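Next comes just one chain, in structure tokens: the form predicted alone.
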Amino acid sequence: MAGMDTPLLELRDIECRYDDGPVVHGLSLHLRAGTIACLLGPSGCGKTTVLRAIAGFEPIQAGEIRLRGKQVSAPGMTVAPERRRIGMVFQEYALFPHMTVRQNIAFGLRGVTRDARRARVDELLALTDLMPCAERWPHELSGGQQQRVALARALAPRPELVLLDEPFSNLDVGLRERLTVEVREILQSQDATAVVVTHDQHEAFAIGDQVGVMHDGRIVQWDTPYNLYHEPVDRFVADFIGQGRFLPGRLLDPERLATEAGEIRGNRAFVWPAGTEVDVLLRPDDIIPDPDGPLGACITHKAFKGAEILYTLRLDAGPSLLSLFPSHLNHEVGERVQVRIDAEHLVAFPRTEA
């Protein structure tokens, strides 16, 4: 019997290959019960292949996959998807068009009494705010309602693990943001363990307790959203997560960097020798509006974000940086402003990594 500390899901150095070579290689992760994790990365990085391998739809050519300590995938051995106690929400939702909402949700509830089935479906209809739609057909629903039906159907049998493949990609931006929060709340209310695949970092940050950034078939960094943003392990993660600009610089001592925007001091001690040429990552929230700030700049572009405005600034010293201003500080393109750098989490990489 698996021990209490056994991860619910464990991937050990798995490899998935297609005819033209490996798509996923040397990939490992483990997930505790009750955790919502995201696989985040650009198109073609292998994230959906990993999800399909976890589900049992894709064989692996090396390594192993374990659920509750039991091996379900290894080279030459794959436990069938229906025997894995996994719920799956597909990108296209895959609802049964000839079944009502209630019938779709009830589909996976086998081996239970009629009363137990109805009680579970009613519970999920209430949880997903679908009770008024219970007798409707899928084509009568909005995209957001269809997405919630698919999630309720996946959760109905109380699976040990729920897998969601780009679940919000077919929705408009406003609905996507709202449903991301709703889906997280629904999963948490069911004490569900989940893996979500997405290419959208905002979705990943909103829904995931842990996020694995993937690149070329590997997980480059497995971390909290906060650490991915503030403590990227390499140039790829720093580029992929958040917005920012790299500024050429030179290490003066372990805690100070010289740049075109002046000397910058951060919250860490760098290990490279003094004089090392580096690229310094400056995020929009590192560049603070300040009428008495030491850096003058000209606004070259602005993007209204509601509570904030994202300005592109050309510093008098030369470089171009991004900065977030409160939206009541409404400046026009061509205006001059004063700013200061407050890089609490200073991120830099040796120039040779660029």
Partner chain sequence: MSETPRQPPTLDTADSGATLVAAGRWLLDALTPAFRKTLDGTKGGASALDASAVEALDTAGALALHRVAKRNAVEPHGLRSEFDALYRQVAELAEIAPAAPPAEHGFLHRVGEASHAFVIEAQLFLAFIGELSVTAVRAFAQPSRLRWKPMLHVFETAGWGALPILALLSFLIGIVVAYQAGVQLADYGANIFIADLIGIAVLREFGPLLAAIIVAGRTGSAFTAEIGTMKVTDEIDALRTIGVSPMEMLALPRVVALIIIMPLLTVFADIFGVFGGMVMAQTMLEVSFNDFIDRFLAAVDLSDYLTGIGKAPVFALLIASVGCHQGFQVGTSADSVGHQVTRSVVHSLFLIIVADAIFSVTFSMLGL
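As the structure is a prediction and not an experimental result, all values here were calculated from the model. Residue numbers count along the first chain shown, from 1.
What follows is about the form predicted in complex with its partner chain, which we do not show.
Note that among 233-241, 68-76, 93-101, 275-283, the stretch whose heavy atoms approach its partner chain to within 4.5 Å in the predicted bound form is 93-101.
A heavy atom within 4.5 Å of its partner chain in the predicted bound form is found for one listed residue only; from Met88, Val183, Cys133, Val197, this is Met88.
Contact annotation: of the candidates Ala80, Ala119, Val173, Val112, the single residue with a non-hydrogen atom within 4.5 angstroms of its partner chain in the predicted bound form is Ala80. Looking at His30, you'd find every heavy atom of it more than 4.5 angstroms from its partner chain in the predicted bound form. Within this chain, Arg148 is remote from the site of its partner chain in the predicted bound form, having no heavy atom within 4.5 Å. When contacts are judged by a 4.5 Å heavy atom cut-off, Pro225 does not count as touching its partner chain in the predicted bound form.
Shown alone here, Arg314 lies within 4.5 Å of its partner chain in the predicted bound form, counting heavy atoms only. With contact defined as any non-hydrogen atom lying within 4.5 angstroms of its partner chain in the predicted bound form, the contacting residues in 50-80 are Arg52, Phe57, Ala80, given in sequence order.
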